[in-house]
Ligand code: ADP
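Next up: just one chain, as structure tokens, the form predicted alone.
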């Protein structure tokens, strides 16, 4: 079990919180400090319903899960190196590498790419992170990211793609509405925990209602 490999202390959490807050504050694509806080709080709630989950480890992974995100660095390698340097200041090499592996498992890698989680704590944080991509906040974050990347709101002549590899997903530059079909509406079925599934179901219903209204105002017929 992951919690037997690495012991997280309150001091580790305090330092991770300060590190993550300094890194994410002011970020404009929806991966800001408030996103991190929401994910951590949601992960804590999910963990309460999961047997034998290490709450401190859940919080640490939640705090750090977006630090190496390729979208927040000039390259994926840069993001990995940035977080690994910080982890090495807190843990030994083996523990640092293990934590980096867990954090790298969190992100969505394409509709056609299977999820892999190596421990319960990663599953919990992954569910919490994906819940923040759903519902009203998820809609707001999707359009914030699309605007930051100069992507169109919608183009009814460009249809969603099913990305069969992480590389294909990374280079996709479709309009924001396609992102709902390429990722967001798929998340409910990819939840690991019952708590995550229940919350995801309600938020997905809301997102589908939004899409129906969006298409009605645009004057097109797209399947929801």
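Residue numbers count along the first chain shown, from 1. In this text the structure is predicted, and so the values were computed from the model without any measurement.
Heads up, the form predicted in complex with ligand ADP isn't pictured, but that's what we're talking about next.
Remark: of stretches 116 to 124, 76 to 84, 140 to 148, 91 to 99, the one touching ligand ADP in the predicted complex is 140 to 148 (heavy atom within 4.5 Å). In the predicted complex, at least one heavy atom of residue 183 sits within 4.5 Å of ligand ADP. When ligand ADP is considered in the predicted complex, residue 33 lies well away from it, no heavy atom lying within 4.5 Å. For residue 133, a non-hydrogen atom is located within 4.5 Å of ligand ADP in the predicted complex, even though that partner is not displayed. Although the partner is absent here, residue 176 sits close enough that one of its heavy atoms falls within 4.5 Å of ligand ADP in the predicted complex.
The contact residue chosen from 69, 54, 188, 50 relative to ligand ADP in the predicted complex is 69, the criterion being a non-hydrogen atom within 4.5 angstroms.
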